[in-house]
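There is one chain below, alone, in structure tokens, taken in the form predicted alone.
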Amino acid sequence: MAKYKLEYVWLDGYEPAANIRGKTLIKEFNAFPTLDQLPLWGFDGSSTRQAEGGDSDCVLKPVAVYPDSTRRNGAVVMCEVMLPNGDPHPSNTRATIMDDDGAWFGFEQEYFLFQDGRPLGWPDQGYPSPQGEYYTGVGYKAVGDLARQIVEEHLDICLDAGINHEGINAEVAKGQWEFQIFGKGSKNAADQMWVARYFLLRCAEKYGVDVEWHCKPFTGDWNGSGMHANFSTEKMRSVGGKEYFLAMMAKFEENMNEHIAVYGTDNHMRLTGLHETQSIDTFSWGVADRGASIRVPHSFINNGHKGYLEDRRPNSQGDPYAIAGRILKTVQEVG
């Protein structure tokens, strides 16, 4: 028997954007624990804006478990927040996603690394050279050294955990980076994304660096940060067709405001019609168009309108649970 450090991770009740919380439970197991071996665990919801002090008990329900290579016998346990009676807590966006094993999601998480209130690599005063050389950049001038160290360390931690990273790259603005995660099933990619965010936050701690998730942490001629959502369902991949695609786009346009409502706080600052975005009050789709709301890959058209689509409106601070749930709800409305 070995004592395992189980880091129970959940989303708090802060608005408009939830924070990641975590606390460690010590349990003995013969081997790395499976999900069904992990107990429910209570916490003080009054300290996370999820309960009142006079009735503060909330419950953590494990939904996924990942090895944590940074701790001896470590594991990260992604949890849903439940009420004491077993019902999902109102802040539990994961519980609102329909179960669909045929749904696939790929999230592209952009973010900035900040130190002393400024992005890594920026001068103490003023701004760096205009963006252009930083996207997928190589070399100290383009990306510095500390950022690369954090990004690579984070990637290794995630791969050790079995998180399905699809790739990483330096992004358009200096100090801005991206990683991509893919998962099959309606909740899998979102679970992995939240755990990957947790790992990144913790990895940056020891370097005295903050992760800035906000979609537009400063104004000016700089790209904001998105979390583009690539999605498909079994019907989109196997049946498809132009008529079905156009009906789907009509539903996405009809539900434009409902999507924007859950696509991340302050998205009006990012969705301006500039910097590879469509305006927040306009819906559009286009083939290979990074300035559209929905980018349609050439492969989708060439394959008889079958495959995946990319919703470019979600921003970097968006909740992948809420984003996946809203996308699937709209797709379901098409029939």
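The first residue of the shown sequence is 1; numbering continues from there. This structure is a prediction, so every number in the text was calculated from the model and none was measured.
Although it is not shown, the form predicted in complex with ligand ADP is what the next lines describe.
- Proximity of Ser186 to ligand ADP in the model of the complex, heavy atoms at 4.5 Å: Although ligand ADP is absent here, Ser186 would stay clear of it in the model of the complex, with no heavy atoms inside 4.5 Å.
- Task: Look up in the model of the complex whether Asp68 has a non-hydrogen atom within 4.5 angstroms of ligand ADP, and give yes or no.
- Result: No, Asp68 stays farther than 4.5 Å from ligand ADP in the model of the complex.
- Item | Any non-hydrogen atom of Tyr308 within 4.5 angstroms of ligand ADP in the model of the complex | Yes.
- Close approach of Gly137 to ligand ADP in the model of the complex, 4.5 Å, heavy atom: Although ligand ADP is absent here, Gly137 would stay clear of it in the model of the complex, with no heavy atoms inside 4.5 Å.
- Message: I need to confirm a contact call. Of His268, Arg290, Arg49, His298, which residue comes within 4.5 Å of ligand ADP in the model of the complex, counting heavy atoms only?
- Response: Looking at the other structure, the residue within range turns out to be Arg290.
- With ligand ADP left out of view, choose which of Phe114, Tyr127, Phe218, Phe182 has a non-hydrogen atom within 4.5 angstroms of it in the model of the complex. The option sitting close enough to the partner is Phe182.
- Query: Can you say which of 218 to 226, 103 to 111, 146 to 154, 87 to 95 gets within 4.5 Å of ligand ADP in the model of the complex, counting heavy atoms only?
  - Reply: Careful reading of the contacts points to 103 to 111.
- Mind checking whether each of Asp12, Lys27 and Glu80 has a heavy atom within 4.5 Å of ligand ADP in the model of the complex? No, none of the three is in contact.
- Query: From first to last in sequence, which residues of 222 to 241 have any non-hydrogen atom within 4.5 angstroms of ligand ADP in the model of the complex?
  - Reply: Counting only heavy atoms within 4.5 Å of ligand ADP in the model of the complex, the contacting residues of 222 to 241 are His228, Asn230, Phe231, Ser232, Arg237.
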